[in-house]
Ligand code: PMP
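Single chain ahead, written as structure tokens, the form predicted alone.
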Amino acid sequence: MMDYSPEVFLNNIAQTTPFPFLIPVERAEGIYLYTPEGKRYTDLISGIAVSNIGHRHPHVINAIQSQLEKHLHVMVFGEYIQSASNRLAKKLTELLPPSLNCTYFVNSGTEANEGALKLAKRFTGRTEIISCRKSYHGSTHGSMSVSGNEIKKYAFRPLLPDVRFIDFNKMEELEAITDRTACVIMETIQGDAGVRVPSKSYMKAVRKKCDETGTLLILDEIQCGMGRTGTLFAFEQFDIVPDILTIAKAFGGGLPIGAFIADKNLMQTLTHDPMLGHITTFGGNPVCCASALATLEVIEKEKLLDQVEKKGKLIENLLKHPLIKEVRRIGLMFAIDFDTQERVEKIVKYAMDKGVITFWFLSHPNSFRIAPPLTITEEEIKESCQVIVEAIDRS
């Protein structure tokens, strides 16, 4: 059947690796994916941090359908007043600290980071950017320039100049931040590096150093935001507020939308000298905005944040095994370490064959990731962990 033909997929769709999963997906519901033949897969990675409220949540589907009856795209970002983007922006200001009161909607996480970097350089008049080793901020040129995986970058140089790297969660390296630094960009929780959680004292020191030097702090919560860590935004756990926040992935409830968010005074600098300092055709797409607002409403109304830590601890307790070297976790965001990349690949493949989808990390191949929808039940957790333990036994 051509609809799900591996030959079409492999030959007529651009490939990202030589070994895609090749699972044919006919439909998705809750935490499950279904093939045309009816095989069911448990999505323990939420489509890589996207489906935090599960696939096709009814409230999100209703919001999308309601917007479809009104209009789709009508104009480039920033010109027409549209209900969907207005309501979403207002909701974000209610959920965020007062200084994060102005949202620029884009289409993806890497675009959010590109916009944030431009805003920081424009506002400060400086050029130096400091990022962290092992970080991942996206795959477009600017975002790749500030990502820490050199293996992924070398084939695409030259990249953005004046970028310096420091080690994440190392207090002494913060001396690199000076009065010539436009911004520090870091993931609040390093995701692709294998779920690296900083200390509260480190994050407070980063904030203090940025304040002292007039440097803007960009926190990338594209992967760790939207309730993944147990708070809606991960920075809430460190008693600091960034100057610019970037979000995407789970923000859209399954549709593509990202945003960079800052104070109105900062954001206003993109409107002059030159005008259209940043522009996007599809940013703020009304259907995506409707989906994003509905997603925030689901997290709130279903009190999903209250359940995150309990479910995370249950997974941690069920995945006890002598072959596991280390488990790093915050909320429902896991990295599980083993001795070799080969063992991780065997575990991931066996679990997938048994209908449970996990995945590895680009920059830390000795680990596999678990990041299920926040809506997963305790029974579904127990069933999934049983398969994973069996996979470890057979590795």
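What you see is a predicted model; the values in this text were computed from it and never measured. Start at 1 and count along the sequence shown; that's the residue number.
Below, we refer to the form predicted together with the named molecule, which is not included among the displayed structures.
*Asks:* How about residue 138 - does it come within 4.5 Å of the named molecule in the predicted bound form, if we only consider non-hydrogen atoms?
*Replies:* Yes, residue 138 sits close enough to the named molecule in the predicted bound form that at least one of its heavy atoms falls within 4.5 Å.
*Asks:* At 4.5 Å between heavy atoms, is residue 228 in contact with the named molecule in the predicted bound form?
*Replies:* Result no; residue 228 lies far from the named molecule in the predicted bound form.
*Asks:* Is residue 222 close enough to the named molecule in the predicted bound form to count, meaning some heavy atom within 4.5 Å?
*Replies:* Taking the distances in the predicted bound form, the answer for residue 222 is yes, it comes within 4.5 Å of the named molecule.
*Asks:* Taking the named molecule as it sits in the predicted bound form, is residue 285 near enough to touch it, meaning that at least one heavy atom pair lies within 4.5 angstroms?
*Replies:* No, no contact at 4.5 Å.
*Asks:* Just give me the single entry in 242, 109, 252, 115 that has a non-hydrogen atom within 4.5 angstroms of the named molecule in the predicted bound form.
*Replies:* By the 4.5 Å heavy-atom cutoff, the listed residue in contact is 109.
*Asks:* With the partner removed from view, which of 149-157, 85-93, 269-277, 187-195 is the stretch that lies within 4.5 Å of the named molecule in the predicted bound form, judged by heavy atom distances?
*Replies:* Heavy-atom contact with the partner occurs in 187-195.
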